[in-house]
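This document starts with one chain, in the form predicted alone, laid out as structure tokens.
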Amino acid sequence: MKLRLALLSLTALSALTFAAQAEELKIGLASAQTGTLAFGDQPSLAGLQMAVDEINSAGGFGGKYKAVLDVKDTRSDTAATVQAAQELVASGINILITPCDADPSIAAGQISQPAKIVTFTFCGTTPTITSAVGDFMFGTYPADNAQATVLADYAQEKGYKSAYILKSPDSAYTLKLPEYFQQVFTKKGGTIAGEGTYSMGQQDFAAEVTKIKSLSPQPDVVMTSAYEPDFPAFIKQLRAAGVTAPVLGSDGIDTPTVAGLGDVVDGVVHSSAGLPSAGTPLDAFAKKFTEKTGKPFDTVYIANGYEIGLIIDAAVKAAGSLDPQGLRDAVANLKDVEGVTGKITYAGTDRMPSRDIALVEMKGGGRSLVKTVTPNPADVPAP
């Protein structure tokens, strides 16, 4: 009799344990917490963790599912990202999050797609990420072609007639974003004074700088989507050579490292998902982040990670369950999700969200908001 009661107790305990596990939302992260992509993935994780803590404390995602994070450091290596994604998918996650770059995100997405697991890239911006993977893959950050359109429009507004384009074929981001810019800039009457290429991580930009300096007349503006460690090396060598042309960059230089370069980056304007300004929701979030963590809000990637938590919460509410297909459809139909940088919409898109883009100017070691705009869809180049 005692044995029977013991077995019944174990059965009941197992049932309770299973029920508890079934109520968990498992979010797996194949994320670059070290290496060259850590500039985006580290702050994105900090923001996501804050959202998860808040939503769990308020009752859970969709009001009933407590989320747990399983973070695997991919070391900014695509092969390691694939291995991490395989392990996470095998562990039974409900959602996968991939690094801030197209190549590892696509590689990981091709593992989660057959398993029908909703997958977000932390801040990968290549607009073809979603089509390269499939219908369970979603972007979160403003896409490259949209950022390029806003930068080209700004160049036109500033009266820049000619541009020098610096790009790298080593990644879709460093190659295609300047090409999208070139496409919009020339379509609206601008000319290309010249273009050059670099290898990611090369550090020596003497040849490119000499090429730009020798142009006569000098270009009205230099545009590049280079980021760390390439952008700091390039801008230092460009200014040291006496080239004073304005420089336009993209969201990849929205980092404390670049802002910390001092007056060498004064006047550089770049695209971003947002910048805190007094009285805005993003400003309130930045203050809350610092109060809760004791850390400075020094990049908008923190807010983007937080907003991924809000997106997941909205999708779980809409789906009413963690059913994979239902969750995927819910994300695809989200409209006007209230983020801290603005409203985020997936409905009617190719799963790269429609959202505002900020233009930010660096000066005196800080940043100031130039303006926030939504590009005209008719002007945005096709991916």
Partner chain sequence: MEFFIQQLVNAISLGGIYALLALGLAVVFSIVGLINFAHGELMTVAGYGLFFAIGVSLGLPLAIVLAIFGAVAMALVIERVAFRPMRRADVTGLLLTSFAVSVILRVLFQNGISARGMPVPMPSALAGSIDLGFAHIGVIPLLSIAATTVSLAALLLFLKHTVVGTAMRAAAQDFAVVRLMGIPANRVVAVAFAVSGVLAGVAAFLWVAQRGSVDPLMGFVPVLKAFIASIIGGLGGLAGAVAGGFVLGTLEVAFQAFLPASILPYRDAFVLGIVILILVLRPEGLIPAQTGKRS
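Treat the numbers as computed from the prediction; the structure is a model and nothing was measured. Positions refer to the first chain, counted from 1.
One more form of this protein exists, namely the form predicted together with its partner chain; it is left out here, but the text below deals with it.
Novice: With the partner removed from view, which of 79-87, 122-130, 274-282, 224-232 is the stretch that lies within 4.5 Å of its partner chain in the model of the complex, judged by heavy atom distances?
Specialist: Only one stretch passes the 4.5 Å heavy-atom test: 224-232.
Novice: Quick one: from A245, I311, L261, A107, grab the residue that has a heavy atom within 4.5 Å of its partner chain in the model of the complex.
Specialist: Contact check passes for L261.
Novice: To verify the annotation, which of these, K158, K236, K161, K116, has a non-hydrogen atom within 4.5 Å of its partner chain in the model of the complex?
Specialist: Contact with its partner chain in the model of the complex is made by K236 alone.
Novice: Hey, in the model of the complex, does S199 get a heavy atom within 4.5 angstroms of its partner chain?
Specialist: Yes.
Novice: Does G47 reach its partner chain in the model of the complex, with heavy atoms at most 4.5 Å apart?
Specialist: Judged by the heavy-atom cut-off of 4.5 Å, G47 is well away from its partner chain in the model of the complex.
Novice: I'd like to know if S321 sits close to its partner chain in the model of the complex, meaning any non-hydrogen atom pair within 4.5 angstroms.
Specialist: Taking the distances in the model of the complex, the answer for S321 is no, it never comes within 4.5 Å of its partner chain.
Novice: Could you confirm whether G267 comes within 4.5 Å of its partner chain in the model of the complex, counting heavy atoms only?
Specialist: Residue-level check for G267: no, no contact with its partner chain.
Novice: Counting heavy atoms only and using a 4.5 Å cut-off, do N56, F61 and T374 all touch its partner chain in the model of the complex?
Specialist: Not a single listed residue reaches its partner chain in the model of the complex, so no.
Novice: Taking its partner chain in the model of the complex, which residues along 23-39 bring a heavy atom to within 4.5 Å of it?
Specialist: Read in sequence order, the residues that approach its partner chain (within 4.5 Å, in the model of the complex) are Q33, T34, G35, T36, A38, F39.
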